[in-house]
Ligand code: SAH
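Have a look below at one chain only, the form predicted on its own, in structure tokens format.
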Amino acid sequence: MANPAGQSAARVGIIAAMDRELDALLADFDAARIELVISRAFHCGVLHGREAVAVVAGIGKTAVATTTTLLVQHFGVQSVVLIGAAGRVSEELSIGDVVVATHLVHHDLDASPLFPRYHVPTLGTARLAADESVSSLAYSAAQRFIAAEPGNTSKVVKGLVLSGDQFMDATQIRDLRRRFPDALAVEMEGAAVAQVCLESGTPYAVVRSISDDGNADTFERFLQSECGRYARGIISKLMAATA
């Protein structure tokens, strides 16, 4: 997709679903201005030496698809990073671990018998591949963030992330393990970002911090105490490395 005239080819779009996932990061902007588009506040400025646009999309796939489209078409970003929390699917993970998606699947998409279950008709596949270059940078940034935190023994892993328009409880997560044995995490936005970015030719990465295993109280505690710090730390390492 062509870049709008006069806009930087280096501009990065940063998305989170909720305020708590993005608030801490916004404090790091230099020369920031806010542009309101379709009831969303897009924070535009310089972040760790890079032009960036950061925005809270709202929860769910439709909200984030709309927001991603605006980042690409209206703001002319040349890459997109989705940051925030996710539920644990893999039993090898723990709260505080970080997952960088290699592929994403709409676990609630089913257009059968016209198409195979989970298949995205416009893309001809169920598993939506993340951009290897941006994801590799995000993976390294997450590793550096964890390593810099005294006493933090969390791990950073790559793999399959599932997306659907519901908060999954423990019973539903067990069903996801059965349907997707290689899945690492589940959330509500990543596959929609992937679909928009793949269709528009925009490199992207999805970075998720494990916040819970289907327990809403655990999720809320992580959201309040850790999620913003994780997002700020990982994005700062990512942006500084590519400035």
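Residues carry their position along the shown sequence, with the first being 1. None of the values given here were measured: they were computed from a predicted structure.
Just so it is clear, the following notes concern the form predicted together with the named molecule, a form of the same protein that is not shown.
Colleague: Is there a heavy atom of A24 no more than 4.5 Å from a heavy atom of the named molecule in the predicted complex?
Modeller: No, no contact at 4.5 Å.
Colleague: Given that the partner is absent here, does A65 sit within 4.5 Å of the named molecule in the predicted complex, heavy atoms only?
Modeller: Result no; A65 lies far from the named molecule in the predicted complex.
Colleague: Taking heavy atoms only, is S112 within 4.5 angstroms of the named molecule in the predicted complex?
Modeller: Judged by the heavy-atom cut-off of 4.5 Å, S112 is well away from the named molecule in the predicted complex.
Colleague: Is A231 a contact residue for the named molecule in the predicted complex, using a 4.5 Å heavy atom cut-off?
Modeller: Heavy-atom contact with the named molecule at 4.5 Å: absent for A231.
Colleague: Among 181-189, 25-33, 65-73, 195-203, which stretch sits within 4.5 Å of the named molecule in the predicted complex, heavy atoms only?
Modeller: That would be stretch 181-189.
Colleague: Could you tell me which one of M168, L137, L93, V100 places a heavy atom within 4.5 Å of the named molecule in the predicted complex?
Modeller: Contact check passes for M168.
Colleague: Since the partner is left out here, which residues of 86-101 would have a heavy atom within 4.5 Å of the named molecule in the predicted complex?
Modeller: Counting only heavy atoms within 4.5 Å of the named molecule in the predicted complex, the contacting residues of 86-101 are A86, G87.
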